[in-house]
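Take a look at this single chain in structure tokens; it is the form predicted on its own.
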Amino acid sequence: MSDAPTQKVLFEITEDQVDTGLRGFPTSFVRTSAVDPGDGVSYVGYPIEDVAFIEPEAAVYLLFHKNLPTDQQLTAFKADLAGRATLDPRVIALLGTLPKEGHPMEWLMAGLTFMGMLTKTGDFREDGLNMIARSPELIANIFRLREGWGAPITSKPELGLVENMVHMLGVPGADPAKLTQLLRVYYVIHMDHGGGNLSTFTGKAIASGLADQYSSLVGAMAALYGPLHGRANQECLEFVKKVSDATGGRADGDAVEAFVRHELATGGKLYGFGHAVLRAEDPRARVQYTLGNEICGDDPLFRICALLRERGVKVLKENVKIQNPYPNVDAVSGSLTNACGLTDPEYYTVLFGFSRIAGIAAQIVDERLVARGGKGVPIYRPEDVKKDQPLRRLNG
């Protein structure tokens, strides 16, 4: 893909386009992923449903190298990541000093800051790969230290990124096999989502000022922390529990539909449905419903999710003003995570961040080292407008 447009287009900014969160304004060429209104997310041209079940390391390789690895390349890449995986023990010691009142995402931001202070190289690619390789140990220890599950569990990076994190988590009462199966897919499908989402845009904007990769990802995780962005899966689980309570825990389609109708009629909303870009069911949601039927099909909350998928869409379709009545990736992810043993929804955004670190780091590498023939994207500096000032016509 070319890093430059084939022609300049003259366009005019109108007043109603200002103060809209840059919606509809392109800011960058993205080589890692794309979001199509009809087809959903793709990674380097591969539909997400085609790559959802590949090795997590193969998905990381795809975003960084722009092609899927051969078996030999994947073996070498996994060995490279395993060789980078040791987390500086001072990071774990510093995590142990953090207040448990802090949100897990605040712990993640602190941990990434500690990692950068102690081990950054200043090379965007190297620091990105190091961060990806070391994040399983960081996140596992955020869980264990904050929850009081006991001493850190020795890392075994040869197991693989996700497998090692599940090993180090040591979740009390969880089935490690089911949790691993879920988080392998979860890691891949949440990894990247174009360049315009808030966390990715924020990370790239920070890096454009030549802040290091770690600092850029701290800013990106701060953006992800917001309830309008990364905490949606937490809100969706809370909504599913609300449906379950209101229906007496019965997986009854008519009861679920009646709840949905009442909720919408009284000013509520259907959490996990609709999407800013998509106009069809999110393929990442389809992947998770399929996986859920396989690993936790009898779970009461998952059964509620399945009924919401059926009856919620039915009700929403009755409103002609709704452009997308279908479930998105968040509709079911929290319920699946809960069913597999990670029952505290406060941590779900951390798992989202674990995955998104790879995609954002890869996009930062592209913007800093590949864009404009290797010169990199200039520092982000969008123009602002004084109130009541005439708007100019700009060359795009």
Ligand code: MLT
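This structure is a prediction, so every number in the text was calculated from the model and none was measured. Note that residue numbering follows the sequence shown and begins at 1.
Just so you know, the form predicted together with D-malate exists too; it's not on screen, but the next bit is about it.
- Checking 25-33, 60-68, 331-339, 351-359 against D-malate in the predicted bound form, the stretch whose residues place heavy atoms within 4.5 Å of it is 351-359.
- A residue is said to contact a partner when one of its heavy atoms sits within 4.5 Å of a partner heavy atom; residue 250 fails this definition for D-malate in the predicted bound form, lying far away.
- Using a 4.5 Å cutoff between non-hydrogen atoms, residue 167 does not count as a contact of D-malate in the predicted bound form.
- For the chain shown alone, residue 197 is a contact residue for D-malate in the predicted bound form, at least one non-hydrogen atom being within 4.5 angstroms.
- The shortest heavy atom separation between residue 279 and D-malate in the predicted bound form exceeds 4.5 Å.
- Scanning 184, 275, 134, 144 against D-malate in the predicted bound form with a 4.5 Å heavy atom cut-off leaves one residue, 275.
- Proximity to D-malate in the predicted bound form, taken as a non-hydrogen atom within 4.5 angstroms, holds for one residue of 78, 309, 193, 231, which is 193.
- The single residue of 280-299 lying near D-malate in the predicted bound form is 284, the criterion being any heavy atom within 4.5 Å.
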